[in-house]
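Before any questions on how it binds or moves, here is one chain, the form predicted on its own, in structure tokens.
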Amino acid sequence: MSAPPIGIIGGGNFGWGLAHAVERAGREALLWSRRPQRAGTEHIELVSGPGALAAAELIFFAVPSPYVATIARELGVHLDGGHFLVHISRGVVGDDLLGLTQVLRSETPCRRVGALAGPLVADALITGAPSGGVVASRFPEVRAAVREALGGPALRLYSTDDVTGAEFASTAVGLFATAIGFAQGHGLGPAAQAMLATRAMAEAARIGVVLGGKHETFMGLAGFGDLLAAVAGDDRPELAIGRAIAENQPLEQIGSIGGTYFEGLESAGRIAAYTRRVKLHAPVITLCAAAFAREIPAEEAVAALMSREVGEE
């Protein structure tokens, strides 16, 4: 009996990247998108509606976080508890910073859910360049299914059961990668970028632990490893978006850079508001939120970052 196809929702670069990774792993992909942007291949079938994805056991959500609930609700009427749902979005929802696995569980009958995190970029998935990531799920069968569907000699996938930590780390790295691009746009060199990345991830870890995640998740591939790839210059869209913000390009134009939806602005504001409410010290995230929303001049944000009081390492 042949293996079931892999379902993918989203016709952007990441959706197609996942489809090509599935194809390289020797599996069939069913891709549903309202705007697929390109033609299918021998092993990537474009389907006309969410009902066709019920033939898959594992379904990936490669759509921005604001759209996950609506799409999950539309898809959920075709699914049952036998399906696995995994998202790759870098976003949180609501005032309490809920991860999208909670949204998938609330909007569908599926219980076995997970998230892909780490330094996965669409171009590497499309071309098969060496890459790696983390699959987070409390269900071993979900982690195994994702590794079987995507893994190969050039794509190493590690596992964790810390879904909360991996989801928030991924969201935070998306935000911080934008901040790194912003710093680059203002001429900050490697040492300043390293300082920013280190302080930012320390903040993310503190918040993540309060949310229920594990500190070590933020120090691993889902957190620091992912941010290290951004600092090294892996050409993810968030870097270009950060540089565009530094150049004062109009916010309404920035979201189209690299064919990606810019989740960093919404995430920054939401996380900054949460830290104020629960009285967590998060100066880097607060500055990012203000700078991205153009509430303070870019030069003032850079000066504030560099003028923070120095403490013990």
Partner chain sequence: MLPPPMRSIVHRLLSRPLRLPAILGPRPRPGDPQIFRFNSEREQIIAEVVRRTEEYFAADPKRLMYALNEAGHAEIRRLSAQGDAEADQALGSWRRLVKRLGKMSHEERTESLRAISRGMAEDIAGNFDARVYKLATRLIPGVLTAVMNPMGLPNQLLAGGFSQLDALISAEGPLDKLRRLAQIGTLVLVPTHSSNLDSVALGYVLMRENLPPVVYGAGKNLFSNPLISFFMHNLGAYRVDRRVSAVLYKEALKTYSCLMIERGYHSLFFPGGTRSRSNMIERKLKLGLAGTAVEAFSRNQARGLHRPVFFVPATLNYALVLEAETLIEDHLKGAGQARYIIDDDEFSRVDRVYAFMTKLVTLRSALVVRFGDAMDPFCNPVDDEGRSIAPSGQPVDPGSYVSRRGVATVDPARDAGYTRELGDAIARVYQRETVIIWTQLVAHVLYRHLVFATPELDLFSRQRRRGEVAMPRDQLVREVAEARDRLLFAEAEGRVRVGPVLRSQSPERIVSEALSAWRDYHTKIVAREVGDDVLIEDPNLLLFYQNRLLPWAEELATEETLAAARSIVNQGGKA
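Remember, it's a predicted structure, so these values are computed and weren't measured experimentally. Residue numbers count along the first chain shown, from 1.
Another form, the form predicted in complex with the partner chain, is not on view; read the next lines as being about it.
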property: Per-stretch contact check against the partner chain in the predicted bound form, the hit in 136-144, 149-157, 231-239, 191-199 (non-hydrogen atom, 4.5 angstroms); result: 136-144
property: Partner proximity in the predicted bound form: V77 to the partner chain, non-hydrogen atom cutoff 4.5 Å; result: yes
property: Non-hydrogen atom contact R206 with the partner chain in the predicted bound form at 4.5 angstroms; result: no
property: G94 within 4.5 Å of the partner chain in the predicted bound form, heavy atoms; result: no
property: is_contact(R112, the partner chain) in the predicted bound form, heavy atom dist at most 4.5 Å; result: yes
property: Contact set, 64-103 vs the partner chain in the predicted bound form - heavy atom within 4.5 angstroms; result: V77, D80, G81, G82, F84
